[in-house]
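Just one chain follows, in the form predicted alone, and it is written as structure tokens.
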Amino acid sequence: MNMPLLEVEHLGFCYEKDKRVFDDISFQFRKGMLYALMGGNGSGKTTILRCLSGILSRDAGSITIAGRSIESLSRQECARLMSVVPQEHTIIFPYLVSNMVIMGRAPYIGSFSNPSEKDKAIAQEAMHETGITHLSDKLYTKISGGERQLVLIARALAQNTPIMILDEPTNHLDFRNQIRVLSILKRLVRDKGLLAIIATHDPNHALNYADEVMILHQGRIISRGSPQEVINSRNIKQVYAVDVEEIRKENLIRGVMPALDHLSRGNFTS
């Protein structure tokens, strides 16, 4: 049986004493799966990802990776198990793109050592995978926002971890690059048996690329299952207060789009 690679039990978090984001959240994620977290602004998607990656300290519950409590893992061990692509990333020093990507090899390089030829080859392959080889000698600070997002994904690939966490990975990307990035993730999950977790606002991305979807609303999981089970007009209405039409083919939901009468009314209140 495919045992959980990442397990969360009774997770709770609050930014302030009287401002809880979520309570008693539990789930299991398995390798070889691409999971999509959906929910409106403030639903807790990014907060959950930051708790999983150790950026935020949870208030309650446990997080287990490969059978080990996250507290028992050193920073280097965590970095060899989990890579993170943030939603936003600001950097001042003008690194070359190639150097940004090779930073993903840091967990495997000694403090006073230089990247090996193997490290360089892995970074080069990650750039090839994401289609940014032509940016190799450009300054990271001088490329577009969409290109920077691809660089961060390449860096995560170079980190070569069994778990990848991506907070809205298609943010800033044009339509072509959205499809390319999601297709790359889907292929890596399938071919390398990775566990990928993405936060997304786009139900069509979740529907077409995720193996399983988890929808958050008001601090709790309101629906979880296959995209066909979870992405529907009822759940979209509950979470986003928007009427949508289901696009079906052979009785399967292939996509959703805003209902035309809803748009004409201009009613976007909950």
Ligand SMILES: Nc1ncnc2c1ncn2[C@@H]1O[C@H](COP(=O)(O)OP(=O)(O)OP(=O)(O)O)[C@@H](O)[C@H]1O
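All figures in this text were calculated on a predicted structure; none of them were measured in a lab. Just count from 1 along the sequence shown to find any residue number.
Beyond what is shown, the protein has a form predicted together with the named molecule; the following relates to that form.
Novice: Want to guess which of 224-232, 35-43, 64-72, 206-214 is within 4.5 Å of the named molecule in the predicted bound form, heavy atoms only?
Specialist: Among the listed stretches, the partner-contacting one is 35-43.
Novice: Any chance all of Thr47, Glu168 and His201 sit within 4.5 Å of the named molecule in the predicted bound form, going by non-hydrogen atoms?
Specialist: Yes, each of Thr47, Glu168 and His201 comes within 4.5 Å of the named molecule in the predicted bound form.
Novice: Residue-level contact is defined here as any heavy atom of the residue lying within 4.5 Å of the named molecule in the predicted bound form; does Glu16 satisfy this criterion?
Specialist: Yes, Glu16 lies within 4.5 Å of the named molecule in the predicted bound form.
Novice: Do Val21 and the named molecule come within 4.5 Å of each other in the predicted bound form, heavy atoms counted?
Specialist: Yes, Val21 sits close enough to the named molecule in the predicted bound form that at least one of its heavy atoms falls within 4.5 Å.
Novice: Gln87 versus the named molecule, in the predicted bound form: is there a non-hydrogen atom within 4.5 Å?
Specialist: Gln87 belongs to the contact set for the named molecule.
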